[in-house]
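Just one chain is shown here, as C-alpha cells, and it is the form predicted on its own.
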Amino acid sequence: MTSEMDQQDDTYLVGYGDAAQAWISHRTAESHAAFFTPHLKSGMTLLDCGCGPGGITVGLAAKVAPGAVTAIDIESAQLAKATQRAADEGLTNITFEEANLFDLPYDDNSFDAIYMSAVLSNLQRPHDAMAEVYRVLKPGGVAGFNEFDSGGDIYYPMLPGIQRSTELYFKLREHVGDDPRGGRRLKALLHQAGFQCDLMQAIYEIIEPAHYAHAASVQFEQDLGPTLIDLGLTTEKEIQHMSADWAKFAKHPDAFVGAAWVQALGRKS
C-alpha cells in the first residue's frame, strides 16, 4: 500500500471544467461498459473505481441490484453529482465514497466485480493501482477496464490547428507523467498484477464533430492553454489559431471524429 497523498500527486490533466464535463457526462454503461455488463449478475458486490459523475455507475448498479455497489472518486464535486444522479434514478444500492485508488480502504477479496473507465492512463503508476484492484477482488471475480488510447484517435479533415492541438496534448500528457496511449498497455498491466486476461479489444466511439470541436477548443483555451504557455510550449496567438481551425472543423460537412478505446477483462484465479 502507499500513502494517501500518492494519488493526489497525479495531475488529472483534463480537470473538472465545463469542457471536461462535456467529455464524460454522456457516458453510460451501455456505451462504455457493454463488454463488461454480460458478466454481471443480480446480487453481486461491485466496486466502480473513478466513478466521475455517475453515468456508468447507475447502469452497473441496475445490473447487480439488489447487490451492493461501492463507487469511489477522489473529487468530492464529482461524487456529489453522482449521488444526485443515483437519487434521480431511484437507485438505493450505491454507496459513494471518496477514496484513494492506491490505498483502497477495503479488505482483501471484498468484491465480486470491479470496473474502471478512463483512469489508468491518468496515473503515473498505473501498475500500483492495478495491484490494488487485484487485491480487493474476490478469487474468481471479474474486473473490466475501459481505457482511452489517444494514439488511435481519428480526425478528418486534419487541419493544421488540429494537428498542432494533438501534438501539444501529447506533450502535456507526457510532461505530467500520463500515458496518452495507455489503452494498449492494459493486457501487460493485467498480467503484471496477476490477472488472467479473458478479453482484449479495441473499439471506436464516434463523436458528433461540432460537439467535439467546441469542447476541444474550450479545453485548450481555458484548461490546458495556460499550462502550455507557462511551459513555453505554445503562445496565446497559436492557441487562437488552433481555436479557429476547430471552429472550421465544426462546420466542415465532411468532419469525422473517432475516439479510440481499449477494453479488457481480467479474472482473479
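From 1 onward, residues are counted along the sequence shown. Just so it is clear, the structure is predicted and the values come from calculations on it, not from any experiment.
Form predicted together with a small molecule: not shown, discussed below.
With the partner omitted here, the residue from P209, G50, G225, G59 that has a non-hydrogen atom within 4.5 angstroms of the small molecule in the predicted complex is G50. The contact residue chosen from A131, L172, C197, I74 relative to the small molecule in the predicted complex is I74, the criterion being a non-hydrogen atom within 4.5 angstroms.
Contact with the small molecule in the predicted complex, defined as a heavy atom within 4.5 Å, is made by all three of R27, A99 and V119.
The small molecule in the predicted complex is approached by Q78, whose closest heavy atom lies within 4.5 angstroms of it. The small molecule in the predicted complex is approached by L123, whose closest heavy atom lies within 4.5 angstroms of it. The stretch in contact with the small molecule in the predicted complex, judged by heavy atoms within 4.5 Å, is 99-107, chosen from 189-197, 176-184, 162-170, 99-107.
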